[in-house]
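Heads up, the chain below is alone and in the form predicted alone; it's given as structure tokens.
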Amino acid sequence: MHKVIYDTDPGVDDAMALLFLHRHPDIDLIGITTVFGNASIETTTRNALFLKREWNIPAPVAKGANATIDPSRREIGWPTHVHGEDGLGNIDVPETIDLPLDPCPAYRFIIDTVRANPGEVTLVAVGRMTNLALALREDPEIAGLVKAVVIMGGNFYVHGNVSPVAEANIHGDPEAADIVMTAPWKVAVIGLDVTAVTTMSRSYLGEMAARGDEAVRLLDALSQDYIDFYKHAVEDGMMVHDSCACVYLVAPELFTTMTGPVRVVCGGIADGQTILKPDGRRFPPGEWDGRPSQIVCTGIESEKVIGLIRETLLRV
């Protein structure tokens, strides 16, 4: 059984991943931490509470970071054209959700939960890495107590989605991402190399909604604008970025990987670029030296991944 803290910025694809984590039989979702990104921290936290209520998820929700770990960085606005004004595909989420938040900020919730369950907790982070970096800065020893870290972010042998070289989650807080990548824990990086080729069609999701329960029908409803956004890249469908990271947790055999230290470019024209130094390759001394070897996904069995998502979401 995988004990999971889900660090998220809901977000449409975040919602699908949340339902996957809630319903997979080998996952024990023990916490949800929110971060700014797809919307403001107030909106992503409200969305997490809304989905918790609608899907009857027992895990506590802890409100997280509302700004980058480097205070000199400025937020350039929310991607409302992707996730809608409400962050959940413009389905008119209520302004307030009458559920309590965990009293701890997200980084403290992560620290306390990891220390209470040493060697057992996997962090699945599908937004900016700010909460994880704050937890490491507050308590560096947790790196040795976390079972694993699985992130959706980055790109290595394909172009980015917010610049030619950068993926949105990493680009949103590069300094935090570099802290996470270079900490002495095991990180599996599920980025655009595999998520951009893993898509779900509108009709496939619609068929799931027809067969599934109210939870799947809500997921179908909140995904419609997101599918419309992706018409430039996917024929009447959407990329299922965040769910790929969740699938990796339970079915890593569906992915092809490389290993090596990963660094994140912080500043300049390549701001947010993720760069792997492959294990076994020799280079002159550089900024990757002495950093831990991480796992980078470069290939995926997309049809099997989509099938596993479908099978899991239709569980009741």
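A residue's number is simply how far along the shown sequence it sits, counting from 1. Because the structure is predicted, anything quoted here is derived from the model rather than measured.
Here the subject shifts to the form predicted in complex with beta-D-ribofuranose (BDR), a form of this protein not shown in this document.
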Q | Option from 165 to 173, 215 to 223, 96 to 104, 198 to 206 whose residues, in the predicted bound form, bring a heavy atom within 4.5 Å of beta-D-ribofuranose (BDR) | A | 165 to 173
Q) Applying a 4.5 Å heavy atom distance criterion, does Thr274 contact beta-D-ribofuranose (BDR) in the predicted bound form? A) no
**Q.** 4.5 Å heavy atom contact, Thr182 and beta-D-ribofuranose (BDR) in the predicted bound form
**A.** no
Q) Is Thr122 a contact residue for beta-D-ribofuranose (BDR) in the predicted bound form, using a 4.5 Å heavy atom cut-off? A) no
Q. Within a 4.5 Å heavy atom cut-off, is Val126 in contact with beta-D-ribofuranose (BDR) in the predicted bound form?
A. yes
Q.
For the three residues Asp13, His83 and Asn161, which mark the spot I'm curious about, does each lie within 4.5 Å of beta-D-ribofuranose (BDR) in the predicted bound form through at least one heavy atom?
A. yes
Q.
Given a 4.5 Å distance limit between heavy atoms, list every residue of 251 to 289 close to beta-D-ribofuranose (BDR) in the predicted bound form, or none if there are none.
A. none
